[in-house]
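Quick setup: one chain, the form predicted on its own, written in structure tokens, and binding and motion questions come after.
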């Protein structure tokens, strides 16, 4: 046999042996299987499986899914009397086929809601009864269609302002403060077995959290069973907002109300911003500057390690509260999917997730796998006092 051919065959055999003995990559959902569900927000290319590699990534690493856009009012109920369930039906079927915990996001929100919802025949804000009728029709139709299939609903999204007051949305203006109670009542009537959630960003801020705590107490007093509060988890790297202590306090304060906590839209923004107070208000915009888009080609290795450390410190808090946290969901699968590429500046290159634009795991992913495999630290009891909760 030709010596060169022999060497090629030997190398090929050696490579095949090396591949076959490599340990399989641990799935995120398996690393935290005894702690909480690991979820991801999915888009149509993933749950329609037109992008097969990303669909496979979702199936491998996650046991819960949220729809990034396909259950929002503008997508599913674009015109009066017309519903479009094409995307939502496939989303739910994908979750069922892969035995995932399926989330409904979101029923009542002031954003991504068509303008017709907030206008009467004269173009003005509808009267209370008309707005309630529209709310009831929407919730009853959507929740009723997926009764027994979607396990939990973000019934109301982002209803609290930064100062803790109720946000002055068209829902509040047209109906009054009890629009929140009505929304939960309609959802419960449509599916009595579904879990009902309140979801918001920035609840690590003491003032805003105090307002959300008051809201949950009012809903509970009205007989509404809130299963969990969703902390969106749009966190930052450069400003270190929120700190691990602030995350810890937020989880403790809601758990003390007798509700579970979910981290619903987790990502870590590595890019600089003009104002860290922008937080996650989707309506916020900033001007485009080169200094605000410092990594147009790739994220440097040093920044990758900082991102990994930030994720590890956040997850360490989650693990201490694993008795109170039911789910941790990432808002997007890969960096290419992230809404932060266009917020608050359109066209930036962002790197907030665990998988890069090619779907490869980043150092942050590996760091979380290591953390998931490590011995568990002591749990934090919801009965422990916090300085912030004592001010409520």
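What you see is a predicted model; the values in this text were computed from it and never measured. Positions refer to the first chain, counted from 1.
Beyond the structure shown, there is the form predicted together with alpha-D-galactopyranose, which is absent from this document and is the topic of what follows.
Contact annotation: residue 36 falls outside 4.5 Å of alpha-D-galactopyranose in the predicted bound form, judged by heavy atom distances. At the 4.5 Å threshold, heavy atoms of residue 68 reach alpha-D-galactopyranose in the predicted bound form. Using a 4.5 angstroms limit between non-hydrogen atoms, residue 112 touches alpha-D-galactopyranose in the predicted bound form. Using a 4.5 angstroms limit between non-hydrogen atoms, residue 331 touches alpha-D-galactopyranose in the predicted bound form. Checked against alpha-D-galactopyranose in the predicted bound form, the candidates 234, 321, 208, 260 yield a single residue with a heavy atom inside 4.5 Å, and that residue is 234. Only one of 158, 249, 195, 269 comes within 4.5 Å of alpha-D-galactopyranose in the predicted bound form through a heavy atom, and that residue is 158. This chain is displayed without alpha-D-galactopyranose, yet in the predicted bound form the stretch 104 to 112 from 104 to 112, 178 to 186, 250 to 258, 119 to 127 comes within 4.5 Å of it by heavy atoms.
The partner is not shown here, but in the predicted bound form the stretch 250 to 267 reaches within 4.5 angstroms of alpha-D-galactopyranose through a heavy atom at 265 alone.
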